[in-house]
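In structure tokens, the next block holds one chain alone, the form predicted on its own.
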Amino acid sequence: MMHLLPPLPVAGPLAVAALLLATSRLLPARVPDTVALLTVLLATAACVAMAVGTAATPLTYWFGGWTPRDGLVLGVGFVVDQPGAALAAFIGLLFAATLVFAWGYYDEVHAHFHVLMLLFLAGMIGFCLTHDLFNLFVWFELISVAAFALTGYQLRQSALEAALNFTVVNTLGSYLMLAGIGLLYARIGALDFTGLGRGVAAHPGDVVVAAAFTLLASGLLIKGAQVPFHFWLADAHAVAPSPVSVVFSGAMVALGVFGVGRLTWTVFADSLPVHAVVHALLLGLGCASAVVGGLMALAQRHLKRLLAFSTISHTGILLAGLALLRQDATAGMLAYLVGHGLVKAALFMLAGILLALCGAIDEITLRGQGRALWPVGIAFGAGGLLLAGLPFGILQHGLGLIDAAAHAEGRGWVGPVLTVGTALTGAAVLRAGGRIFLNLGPDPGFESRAPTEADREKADRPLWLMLAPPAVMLLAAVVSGGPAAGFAMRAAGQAMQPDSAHILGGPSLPPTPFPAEPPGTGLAWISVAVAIALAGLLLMRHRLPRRALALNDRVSDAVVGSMARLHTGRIGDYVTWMVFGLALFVVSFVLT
């Protein structure tokens, strides 16, 4: 039965989405919620079964029975390895938690939200499992179309403007990917990852291969919101409904970085110039994203914009782990991806609770209004501490593995730079929590000049129903550290395994086992201490001496203000930064 599972997690949600769309006006209010949740859970169960069943060797499924002939791949297939199946299962669990959180949220629009969410899920799972480059693009497009619609779902002016920015920037990313696919196909004459990998190995140092990687990686880094391709993300998160922001930050953005990793490990596995660029440029972009995202998060007053910039920062940590091109660093990246998804999804849900029950999403407006919602405050503080690097759970195990790998590569500076990002994002969340739930911070600083807007969400949902999913996810992020890191280490060995003989029917080599040692906690405690101290300084700035306050404002304006002025909200500016990012790839290939 295992060989029949691969298409089901994709075909099932697509079929149910079509059925719900056809019958949405005939169904009672709670039926779409129930049907969508059951569909997501069944798809997740299939992915879990495949993740367990592919521990020794990947599972291959050829659509239409088009199996390879004499080593030539003609058909389209899913090659389900353990990291892909596990990531798909995690995405399914995230969608299930989101649907529980959003239960009853969309009564007035029938099943349209559930249809879009099922399409979104199918696209993400297909992206994780496919072994064909053009189909990777097809799933990328399905993800994008569903995300565009969900961003502008509320049909307000700001939502439509952000959806337009999102659509234009990500569509340009799609064009870049399509151009890269065309270059590879013209040079190699294959689309299956295995055939492409062999073709790339046969063309070492080929400029066409380098150009194809540049276009493909740039398109995926736009989806992954990495500096300098990141400008669209905060605008989209700020106006998207809270359940949509959960899956945006928890899954969609990280999937872009995973896609770059998948292509690096398979298609470009034997390209030394590509690996040199990944090892240098992408490591630099990841570290830059970690710091820039953290600084911009600290400058926000709109909670969802704050969390969106923290997503850019923590996704930069994922990119840095990928760029080290080591099994332990890749394991750290996979573990951190899951931990970040759990914590960030929980924080977006908690922000949604505040918006629903308090009628505001602005940190300064909400000052002191969260005192009665003390369970939400406890969860919010826990999420902030976990983002700051609290040395418990899966986030710290992942970051510890990345830091250890960087030291082994002679790049000991990577860990401290990434720690700066975690401290800044943790401080931003803790400052917001102190202001909202403890009534601190009567004199706001530079965040008072950040953009914000009034927003509303449905308020007649019970608190326990909205609070249960984020509480469970935060608990999972704390208790799953060691086992999840060990699983990630085994999965990373399979992901980076260059042998692909199993795809053509031959035996495959087992992944090399590496023990997941508990990472050191020195940097973690420093990060937490800095985050708490910085949050306290920002909340107690009214007690600073006048000269110290003036110096603080000048430094803030010089550092954070200059970065904030680059985020203009204008599409033309964002496209200019995309061109700059492409130029960075070109320069990197020239210099390697």
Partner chain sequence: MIALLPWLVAVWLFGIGLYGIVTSRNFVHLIGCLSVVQASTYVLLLAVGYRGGAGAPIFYTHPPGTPAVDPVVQALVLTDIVIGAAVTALLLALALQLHKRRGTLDPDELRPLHR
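Here the structure is a predicted model, which means the values were calculated and not measured. Residue numbers count along the first chain shown, from 1.
If you look for the form predicted together with its partner chain, you will not find it shown, but the lines that follow are about it.
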message: Check for me whether its partner chain, as it appears in the model of the complex, comes within 4.5 angstroms of all of T44, V52 and H407 - heavy atoms only.
response: no
query: in the model of the complex, which of 336 to 344, 221 to 229, 435 to 443, 234 to 242 comes within 4.5 Å of its partner chain (heavy atoms)?
result: 234 to 242
field: in the model of the complex, the one of F487, Y105, F148, W265 near its partner chain [non-hydrogen atom within 4.5 angstroms]
entry: F148
- line: As a check of understanding, the residue in L164, I378, V472, A276 with any heavy atom within 4.5 Å of its partner chain in the model of the complex should be identified as L164
query: So, in the model of the complex, is L160 in contact with its partner chain at a 4.5 angstroms heavy atom limit?
result: yes
query: Any of the heavy atoms of H397 lying within 4.5 Å of its partner chain in the model of the complex?
result: no
- prompt: Is there a heavy atom of F392 lying 4.5 Å or less from a heavy atom of its partner chain in the model of the complex?
  reply: no
message: How about F90 - does it come within 4.5 Å of its partner chain in the model of the complex, if we only consider non-hydrogen atoms?
response: no
message: Within 4.5 Å of its partner chain in the model of the complex, counting any non-hydrogen atom, which residues from 117 to 148 show up?
response: F134, F137, V138, E141, V145, F148
